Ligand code: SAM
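Taking the form predicted alone, here's one chain by itself in C-alpha cells.
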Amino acid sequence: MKLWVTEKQTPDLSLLIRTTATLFRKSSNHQNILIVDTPQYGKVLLLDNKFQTTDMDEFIYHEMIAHVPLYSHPAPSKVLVIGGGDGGTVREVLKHQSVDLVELAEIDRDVVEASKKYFPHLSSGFSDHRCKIIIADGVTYIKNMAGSYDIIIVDSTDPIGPAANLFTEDFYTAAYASLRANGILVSQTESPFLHTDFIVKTNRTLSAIFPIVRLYLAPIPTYPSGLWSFTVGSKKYDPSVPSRKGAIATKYYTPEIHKASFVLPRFLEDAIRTNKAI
C-alpha cells in the first residue's frame, strides 16, 4: 500500500509526496510535528501538515535566507535567527568567520530535538560554541534586546498559528530597535504567485520602518508554486549588492545569484510600485 503526505497549499492546490516510513510524530505544545522518509525528497519535516524542509532542496532556502543578508553587511558579528528550529539557517550563518555569536530563538524545543536526531546535517551548527539556543517566543525575546544585532533572520513558518505575530508592524518595529545602527533584517515572505498581496503588505509595512527595503526570490521546489520570496529591511546597506567577498562552501548561493535574485518579474515590480497586487 502506498502512503502519501499531503499539504493543502491553497483551497484549490495540494502537493502530495509518497512516503516510505514515518520516522517521528508528536503533538508539541505549539504544533503537530511530523518527519517522514520519501523516495523523492529524502527525509521531510512537516509542521501542522505544512512542508518545512526536505533533504533534497533545503540548501537553497537556508543559503539564500542566510548569505544574502550576511554578505550585504561588511562585518556581521552577532546574528539572531528567529524560528529555524531545524538548524539549517544557523549552519549557514556559522560559515561566516566574522560571526562571533548566533542566537537561535525557537519557540518549540521539540523541533530542535527532533532535528538533532533526524536531520544531523541541518542541526550540525547547534554544537558550535558560537551558537546559543534560546527556547522562547521571538516576538517577546527581542523586546529587551535594543541595539544588539547586526543581522536578524526571521526563519518562520507561514504567517498563521505560532508565527503570525512575526509579520506585524509591532514586531518589525521591535526588530528595528534590536538592530545596530547598520543592521539588516530579512524575513521569508511566501510565494510571489500565490501570496502577492501578502508580499505587498509586508513591503509597505517595512518601508514605513526601514530606509531601505528590497525583495528577492529563490526557487524552492517543495514550497507553494515553487518560487519563494524574501524581504529585506536595511538601516544602511543596499542588500542587492554584496558588501564583501568570501569563499564559503555553498551548493546554490553565489555572488552572481545574490545580485540576480533581486531582479524581479514585471508583475512584482508593478505590485510593489502601485502598492497593490496586480
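Everything numeric in this text was worked out from a predicted model, so none of it was measured. In this text, residue numbers run from 1 along the sequence as written.
The same protein has a further form, the form predicted in complex with the ligand, not shown here; the description that follows concerns it.
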Consider the chain as shown here, without its partner, and state which of I142, V111, L206, C131 has a heavy atom within 4.5 Å of the ligand in the model of the complex.
V111
Which residue among L179, I199, V186, A163 has a heavy atom within 4.5 angstroms of the ligand in the model of the complex?
A163
Using a 4.5 angstroms cut-off on non-hydrogen atoms, would M64 count as touching the ligand in the model of the complex?
no
Given that the partner is absent here, does F51 sit within 4.5 Å of the ligand in the model of the complex, heavy atoms only?
yes
Evaluate Y223 for contact with the ligand in the model of the complex, applying a 4.5 angstroms cut-off between non-hydrogen atoms, and reply yes or no.
yes
Using the partner position in the model of the complex, report whether A136 sits within 4.5 Å of the ligand, counting heavy atoms only.
yes
One stretch from 85-93, 143-151, 123-131, 70-78 that, in the model of the complex, holds residues within 4.5 Å of the ligand by heavy atom:
85-93
Going by the ligand in the model of the complex, which residues of 87-115 come within 4.5 Å of it through any heavy atom?
A105, E106, I107, D108, V111
